[in-house]
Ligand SMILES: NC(=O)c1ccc[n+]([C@@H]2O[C@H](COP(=O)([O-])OP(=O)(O)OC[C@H]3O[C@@H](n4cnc5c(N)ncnc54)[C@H](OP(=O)(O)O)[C@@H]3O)[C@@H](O)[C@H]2O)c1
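Okay, here we've got a single chain as structure tokens, the form predicted alone, with questions on binding and movement later.
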């Protein structure tokens, strides 16, 4: 193990809101980056010494906040050489979530996508993955995050604190957005009115509204996928994009870091050998 991410999902595991196949006491952590020490007899994609990253659930033995981690080979991805270790440790869950949100969108130049809550790590990556499909992407975030969100590929941003932002957004898609992605807690129900008839609304916050007007509503829960993770990580690096890591800690500081994350403190990373 070289780095393991600390995210809001780890708090869900801790309090029992996400069953990852192992009951406490256990090490937390469902995403990681490190160097392969050994492989099973049927593994052909990886060999000892390979640099990899992974999101794993259900867990095989224990969580990733440890010196060693056991993962299914199908969940593992090769780490791009130019991807920093601490970023690689915090990337798998939000990047896979973004991939799986965008997979339900039509994409292409004829689609305009709205991403609500784009300032967060996952929201920003949804912008990046949606823009990669060729769609025109508009997003909500704070003015302070606007430059970074546009760097991910958004053509325009709206200040979510402005009560008129929905009216401003409607001017960009008078018939409604073909696809809307929600990454802000408690906001999904308020977005369905912005979706075009027969369009798509995907939320990652566990609060999907009831469908109306033929809108396809999806409650996205991240699933491991080593092949998709590998391709998306390579694409992200090739585009010169990354994610912000708020801080790092050793194993002894992981609990305190998780408290900060749960209060909205951004992504942290455990460095097991640090």
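Since we're looking at a predicted model, the values are computed, not measured. Numbering follows the first chain given and starts at 1.
Omitted from view is the form predicted in complex with the named molecule, to which the following refers.
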### Task
Although the named molecule is absent from this view, report whether residue 89 comes within 4.5 Å of it in the model of the complex, heavy atoms only.
no
### Query
Taking heavy atoms and a 4.5 Å cut-off, does residue 72 contact the named molecule in the model of the complex?
no
### Message
If we define contact as a non-hydrogen atom of the residue within 4.5 angstroms of the partner, is residue 183 a contact of the named molecule in the model of the complex?
### Response
yes
### Task
Tell me, yes or no, whether residue 52 is in contact with the named molecule in the model of the complex, where a contact means a heavy atom of each within 4.5 Å.
no
### Task
With the named molecule left out of view, choose which of 157, 179, 122, 131 has a non-hydrogen atom within 4.5 angstroms of it in the model of the complex.
122
### Query
Which of these residues, 236, 229, 56, 220, gets a heavy atom within 4.5 Å of the named molecule in the model of the complex?
220
### Message
Given a 4.5 Å cut-off on heavy atoms, tell me which of 64-72, 38-46, 23-31, 220-228 is the interface stretch with the named molecule in the model of the complex.
### Response
220-228
### Task
Heavy atoms within 4.5 Å of the named molecule in the model of the complex is the criterion; list the residues of 187-221 that meet it.
187, 204, 205, 220, 221
